[in-house]
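Single chain ahead, written as structure tokens, the form predicted on its own.
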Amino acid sequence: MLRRLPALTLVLMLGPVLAGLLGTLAPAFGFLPALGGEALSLDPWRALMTAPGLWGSIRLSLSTGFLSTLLALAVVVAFCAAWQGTRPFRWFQRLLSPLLSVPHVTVAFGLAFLLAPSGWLLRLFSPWATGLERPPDYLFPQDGFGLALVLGLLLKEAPFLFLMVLAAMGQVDAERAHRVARSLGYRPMTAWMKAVFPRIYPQIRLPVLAVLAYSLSVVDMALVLGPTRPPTLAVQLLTWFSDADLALRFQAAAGAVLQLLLVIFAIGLWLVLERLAVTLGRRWIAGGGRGAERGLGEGWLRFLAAAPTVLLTTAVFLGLASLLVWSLAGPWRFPDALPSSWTLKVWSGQGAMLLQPSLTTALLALGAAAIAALLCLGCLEQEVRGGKRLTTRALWLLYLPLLAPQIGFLFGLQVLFVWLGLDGVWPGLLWSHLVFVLPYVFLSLRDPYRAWDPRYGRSALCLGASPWRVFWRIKFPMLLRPLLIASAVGFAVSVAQYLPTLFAGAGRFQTLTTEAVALSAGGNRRLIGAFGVLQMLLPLAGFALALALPAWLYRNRRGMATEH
């Protein structure tokens, strides 16, 4: 059974993606008998190409996706180059990690509450600093250039890339490479960029591409922060997929294929630009400049490198705090910095409305995370016993659900689920979440699992224990903490899923994310704030449990109390 587990895991993870792509491709060329499409045709593409605002949507998707990814990478690289090994670096490392557990749409709501014309930031500085007695007349969020969406993606993706860089630094021994470069006379930032970054980037290439693909096709965040005329391509496709006119499904399927081609084009363009950057970077490194002789003023550069990180982190925490404040606010007129009174009216009056989506979200996330953890645990154990590790090519398979745009295959997956009788039922919904939870759980668990010292197992085998007894009595307890943390990561990923719940759930399941996005059109800030707070609390509760449970189980064992 253990030998077949990797193949089973791949089928469960990649099967829906590939089947969904095929299921989207067929109606894109007019073939969907259930809706009257009996023959192949190019009519869906003709309808798509003449759709109003299509090219504006493509242009907006490309600009926001590229700009947010480039800015997130630049902010993270600049901060790491300037501050690696310092106390502020370690402080930010601890501070930014919890942000990963916050769903994208929660960050989007927090940003909107903070920077809107009547947002908290202007309230804090009005009227004593701005002179404003009324909200100013500017459009944010949903500005025409998509800058609010770029900022929202930057706030959420920069912490993810930061943690990817941290993991990569451990694999390439960044500290020693930096020290060696410094001993040769290079200034700190120059030493990091010349000696460390070229080793790190190959390790984070796939996460960067995953961020690019996600930014090009994100839906929930674009619904809250993105412009509406035209919207991004992914949002436009969701509108067509949700339209009462079933004939638009063919046009939407063609658009979903176009979205996939757009992501492939963007990844190809990124790789071409990457080759150009490598060529220029090699010349810069070979030039031997150490930074000091040109009077670059690294003190100022370090300050400039830290400023975006500090501002972004502050914006995220203020935005999230504004969700809590609005959920407890009574009357709150502009420009008052705080509500004139506080109340639990939303929490008590809308208790049933908040409770049901919370339970659905928690059960769904718990199931997906538990199944993913079991599958990943079995795959890694088989990897150890079989002596075969994942190659770089296999890693691309692992990242496939993250690289393929969700809107590009979820319609086809829904068609498959209808055919299998899994549409709108718990098993189908759970499977759709598992597709996205599995890669994150595996990536979170693989390094601690592979780092486990095999001498413990060999000692037990020498004393007559069977391999399974070694696993359950020695390895599993020692790896319980990273296993629970990986499960908490999967739990948080499931909580954030919007499109899979919408398509596979067939509108029959309401989660915190789907309800919060639905409320965004209404503008009830107090209720949105309450949903946002619950979206934060659920993943945080998962991480708290992941840390507290091993500590409680092994409270009487000194060696097990430390992190392995």
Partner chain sequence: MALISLLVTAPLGAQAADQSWQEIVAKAKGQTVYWNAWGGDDRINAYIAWAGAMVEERYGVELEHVKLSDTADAVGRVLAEKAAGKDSGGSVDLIWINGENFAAMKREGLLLDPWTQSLPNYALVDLDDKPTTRVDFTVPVDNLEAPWGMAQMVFIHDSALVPEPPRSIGKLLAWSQENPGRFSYPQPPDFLGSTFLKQALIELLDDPSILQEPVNADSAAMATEPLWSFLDALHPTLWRGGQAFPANGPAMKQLLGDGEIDIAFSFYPADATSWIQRGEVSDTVRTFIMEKGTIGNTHFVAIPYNASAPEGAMVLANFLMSAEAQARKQNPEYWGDFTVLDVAELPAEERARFEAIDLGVATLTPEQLSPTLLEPHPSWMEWVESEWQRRYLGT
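Residue numbers count along the first chain shown, from 1. Keep in mind it's a predicted model, so treat the numbers as computed, not measured. In this text, the rigid core denotes the largest set of C-alpha atoms whose superposition between the two forms falls within 1.5 Å.
What comes next is about the form predicted together with the partner chain, which is not displayed.
Out of the listed residues Gln382, Ser118, Ser358, Thr313, Ser118 is the one that sits within 4.5 Å of the partner chain in the model of the complex by at least one heavy atom. Interface residue among Leu246, Ala370, Ile264, Val180, judged by heavy atoms within 4.5 Å of the partner chain in the model of the complex: Leu246. Although the partner is absent from this view, Thr279 stays clear of the partner chain in the model of the complex, with no non-hydrogen atom inside 4.5 angstroms. A residue is said to contact a partner when one of its heavy atoms sits within 4.5 Å of a partner heavy atom; Arg46 fails this definition for the partner chain in the model of the complex, lying far away.
The partner chain is not shown here, and in the model of the complex it never comes within 4.5 Å of any heavy atom of Phe66. Using a 4.5 angstroms threshold between heavy atoms, Pro136 counts as touching the partner chain in the model of the complex. Heavy atoms within 4.5 Å of the partner chain in the model of the complex map, among the stretches 188-196, 229-237, 252-260, 214-222, onto 229-237 alone. Contact check at 4.5 Å (heavy atoms) against the partner chain in the model of the complex: none of Arg94, Leu163 and Arg481 pass. Residues of 490-517 placing a heavy atom within 4.5 Å of the partner chain in the model of the complex, in sequence order: Tyr498, Leu502, Ala506, Gly507, Arg508, Gln510, Glu515, Val517.
Once the rigid core is used as the reference frame, the Cα position of Arg46 differs between the shown form and the other one by less than 2 Å. After superposition on the rigid core, the Cα of Gln414 moves by 2 Å or more between the shown form and the other one.
The two forms, fitted on the rigid core, differ between the shown form and the other one by less than 2 Å at the CA of Pro27.
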